[in-house]
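The chain below stands alone and is given as C-alpha cells, in the form predicted on its own.
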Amino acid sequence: MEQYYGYFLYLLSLLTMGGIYAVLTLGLNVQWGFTGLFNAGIAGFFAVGAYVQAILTTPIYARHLGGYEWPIPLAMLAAMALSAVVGYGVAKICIRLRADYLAIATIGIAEIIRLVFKNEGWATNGPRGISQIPKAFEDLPQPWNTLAFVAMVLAIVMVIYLALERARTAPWGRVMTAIRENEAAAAAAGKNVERFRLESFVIGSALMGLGGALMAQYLKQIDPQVSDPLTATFLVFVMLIAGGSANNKGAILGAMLMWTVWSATEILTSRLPDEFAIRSAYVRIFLIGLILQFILQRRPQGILPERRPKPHPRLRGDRAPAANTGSTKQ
C-alpha cells in the first residue's frame, strides 16, 4: 500500500511541476509563438517572480529582506506585476532588435538579474538563498495539502489558457500573427508594430513571473541555481517547440510531456554506473535533445501544430442570403 501511495505522490509531483512549466511555456508562447519575439532570458523573469514571492511572504530574517508576510495570492500578483515592469523596461530598450540580436540581449539581461540576486546578500541572502517560503494550503493534512496545491496550479493553467485562446482569436491575436509573419505588411496596414510587440513581451514576462512565484512556493526554498538557464530557459523552449509553437494546447502538452521525460531520465541516469552517474546531467540533456530531434524530424511544427482562426465572413467575401419577401414572380 505504501508503494502505491508513493506512486500517487510522484504523480502529483509530475502534475505540479508540469503545471508550473506550463505557465512558463504559455508565457513564452505569447512572445515567441504569437509574435515571434526570441526571448532567451526567461530565467531572469522567472527569478524576479520567485524572489518577490519569497521576500513578500517569508517571516523576518536577519540575512535577507522579509517580514512583510503578505497573503500568498497578493504576493503572486505582486510577482507578476514586478516581472511585467521589468519586462517593460527590457522591451523599451531591446524591442527593436530582431531575432538573434534580441536573444543575445535578453540572455545578457537575465544573467545580470541572476548575478544581482546572487551578490546582493542583504536582500536575497546571496548564494544561500531564501528558505521557509510559505506555500498555499500547507496547513492542510497530507495528502490534501498536496492535492489542493496541484488543483490550484492546474486551475491557474486553465484560466491562462482560456484567456490566451480568447486573445488569440481576437483582433489583437490576429495582429500579433500578422506581425510575426510579415512585420512590414502589418506596419503598412496601419498597425503600431512596436506597441504590439511591447504588449506581447510584457504579458509573457508577467506569466513567467507567475511561474517563478509558484515554483518558490512549491520548493519552499530558492537560490540563484533555481533560475539556471538550463532548466529555466532551454527546457521551456524545448517544451514549446515539441508541443507546438503558437498553439496554447501544444504549449501545455509539451510542458507536461517533456517534464515527465526530464523527471524519468533523472531516475534512469541515477541507475547508471558510477562513471556515468557523475555525468548524469549531460546524459539527460543528450536524451532531451534526441527526443526533440525525433519530434522535429517527424512533426516539424510540433505535436500540435498552430491552428489559424477562421477569417471573418466579411474578409472571406461571403454575403448574407437574400431576404425572402414571400412573393414569387409570375
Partner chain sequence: MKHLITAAALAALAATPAMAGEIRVGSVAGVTGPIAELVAPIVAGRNLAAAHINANGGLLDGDTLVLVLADSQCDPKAGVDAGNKVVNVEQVVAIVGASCSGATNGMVQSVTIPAGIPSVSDSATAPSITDLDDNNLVFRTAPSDAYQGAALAKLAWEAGYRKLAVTYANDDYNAGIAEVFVANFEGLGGKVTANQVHEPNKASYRAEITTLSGGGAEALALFAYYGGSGITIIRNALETGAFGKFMAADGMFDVSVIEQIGAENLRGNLMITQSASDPSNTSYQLFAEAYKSTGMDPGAPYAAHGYDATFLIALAIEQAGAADPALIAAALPEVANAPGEIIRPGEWEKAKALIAAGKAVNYEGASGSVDFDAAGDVPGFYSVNTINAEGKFEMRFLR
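Positions refer to the first chain, counted from 1. Quick caveat: nothing in here was measured; it's all calculated off a predicted structure.
One more form of this protein should be noted, the form predicted in complex with the partner chain, which is absent from this view; the next part is about it.
Contact annotation: Y218 falls within 4.5 Å of the partner chain in the predicted complex, judged by heavy atom distances. Using a 4.5 Å cutoff between non-hydrogen atoms, V226 counts as a contact of the partner chain in the predicted complex. Interface membership of A136, defined by any non-hydrogen atom within 4.5 Å of the partner chain in the predicted complex, is ruled out. Within 4.5 Å of any heavy atom of the partner chain in the predicted complex lies no heavy atom of F201.
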